[in-house]
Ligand SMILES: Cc1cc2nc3c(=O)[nH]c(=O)nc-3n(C[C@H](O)[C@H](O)[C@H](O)COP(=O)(O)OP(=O)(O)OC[C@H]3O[C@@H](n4cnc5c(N)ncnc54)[C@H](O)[C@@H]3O)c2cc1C
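A lone chain, given as structure tokens: the form predicted alone.
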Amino acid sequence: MAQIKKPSRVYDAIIVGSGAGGGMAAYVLTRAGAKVLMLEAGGWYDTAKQSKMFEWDYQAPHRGAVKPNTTFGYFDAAVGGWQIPGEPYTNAPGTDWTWFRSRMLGGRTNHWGRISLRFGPYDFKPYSRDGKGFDWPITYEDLAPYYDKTEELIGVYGSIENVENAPDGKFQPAPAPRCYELLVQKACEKLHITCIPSRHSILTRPLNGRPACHYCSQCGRSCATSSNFSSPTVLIPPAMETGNLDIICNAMVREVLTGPDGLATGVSYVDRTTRKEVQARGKVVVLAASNCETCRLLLNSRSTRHPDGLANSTGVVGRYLMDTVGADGTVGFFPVLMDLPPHNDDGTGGMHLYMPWWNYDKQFKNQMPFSRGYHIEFGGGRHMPGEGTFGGSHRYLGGGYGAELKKGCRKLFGAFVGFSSRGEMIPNDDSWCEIDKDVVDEWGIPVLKFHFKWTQDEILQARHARETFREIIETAGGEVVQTAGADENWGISRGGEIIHEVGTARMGSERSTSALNAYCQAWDCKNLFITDAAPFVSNADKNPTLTILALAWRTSEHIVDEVKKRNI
């Protein structure tokens, strides 16, 4: 029998995961004086030393093109991807789910899009509004103070707009729109589509020793100057400065350990460097491994007191898995943008304008064919050209060679704009995950099996997005050169493809229908908390990271209060 290493030290809290939820829990708990151990499945990641934001595409193999082991190109700051050797997952027959994982300190906060949108009042009470899905046990007003604190800590740019169900925040100034963005905004005005400055966690003013963004636009490579938000640059450093945080990397957590009374006593993990089993002990356990990994941990944490897995006495763990509804790849060609004189087209990584959902009133009056909404993201301009930038140019140039081809490409450079939607998925009974009883990973840990299905609400939403993209492009004087139609299900994304997966251990007001209470505390195990996206009850069209951070802050403050009251 393999020997299990059992340290004698008992931490005040053990946090599993170092991304948005884990980093925020560490930030709050250590500053409150708690001795904390953070376990990360991947290796150490130092953005200042390891970011490749200043390298040129021509310095990379194949000009930085996407390869099987680099999902978003050579420079993406992700150690992991859709498939990780030795760490499989499975899909049930008929399911097409894909799962992106990052094995590195800070997880996916190193390479996310930094779009930081608050959920609105409707998003916390969707069932009350249209009778579909479920209501959260909290309101927007409950979380608003934590949105405020989070935005002031991480730095979010935006503008005060008073748009329905798109709450304003504590913003830094937004960067000026680019040329092509102004063109699209004018078209939206004619169509009565709201188009406002976007909201990103990227600094436009210095903050807490972090410099403002220098507009290299390479946020996806992680930021060497800490000008955008990531857990290793904003949350973990101040936690470490307290002297209260220990971090162990390459710790693949197997399960949460519990005592005879059913309470959590710590976790068991595999040291990936030695392949030995180790136990860590803590008075409180916080799971923040990302929602599906957290679900796997709960379901694999079986004991006499928790025979169906931890926090799962009602069988709700694994249920109501959701992703964002995506419709990517519609591209418009705008002749008016051809052959423009050189002009300043730089800025932050990603868009400077976006379109929040604008049809709440029609939906409320049952004038739309689907429930819930989406927002529009778009991108173009003269960003640094790389592999594939001039793909399809032969349609306009008719091919060519040498100097004449270069002249033609320069003429087209910046004349194309791509459009995407990000929409709400309503939780359904056909989308869930469970432990695959026949498959384990290379660490001997049982893996997840996924079940997933879009409903007509999501498919019709994708159709509406495609039709809206066409209206915008043609109103702006452009031509649609690429899109998806009915024969392709309107190009709706695969489940998991947008990397906004949430749910599987939802919070609720009733113990009989939820895994966690309104403070993300397990009903069945009062010293177990979750601070990633697993507690989400719904998945609004807003990108989830800002809400993960705000909810994690609220949960962590509750842990501190409960410890002070000696309730845990």
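Quick note: we count residues from 1 along the sequence shown, nothing fancier. Quantities reported herein were computed from a predicted structural model and do not represent experimental measurements.
The next section is about a form of this same protein that is not shown, the form predicted in complex with the named molecule.
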Exercise. Quick one: from 149, 470, 108, 383, grab the residue that has a heavy atom within 4.5 Å of the named molecule in the predicted complex.
Key: 108
Exercise. With the named molecule left out of view, choose which of 34, 499, 507, 528 has a non-hydrogen atom within 4.5 angstroms of it in the predicted complex.
Key: 499
Exercise. May I ask you to state whether residue 127 is within 4.5 Å of the named molecule in the predicted complex, using heavy atom distances?
Key: no
Quiz item: Is residue 372 one of the residues lying within 4.5 Å of the named molecule in the predicted complex, judged by heavy atom distances?
Solution: no
Quiz item: If you check in the predicted complex, is residue 462 within 4.5 Å of the named molecule, heavy atoms only?
Solution: no
Exercise. Give a yes or no for residue 290: in the predicted complex, does one of its heavy atoms lie within 4.5 Å of a heavy atom belonging to the named molecule?
Key: yes
Exercise. Would you point out which of 235-243, 354-362, 189-197, 251-259 contains residues with a non-hydrogen atom within 4.5 Å of the named molecule in the predicted complex?
Key: 251-259
Quiz item: Hey, with the named molecule in the predicted complex, do 137, 264 and 284 all fall inside the 4.5 Å heavy atom range?
Solution: no
Practice problem: Residue by residue through 101-117, tell me which have a non-hydrogen atom within 4.5 angstroms of the named molecule in the predicted complex. | Solution: 102, 103, 104, 106, 107, 108, 109, 111, 112, 113, 114, 115
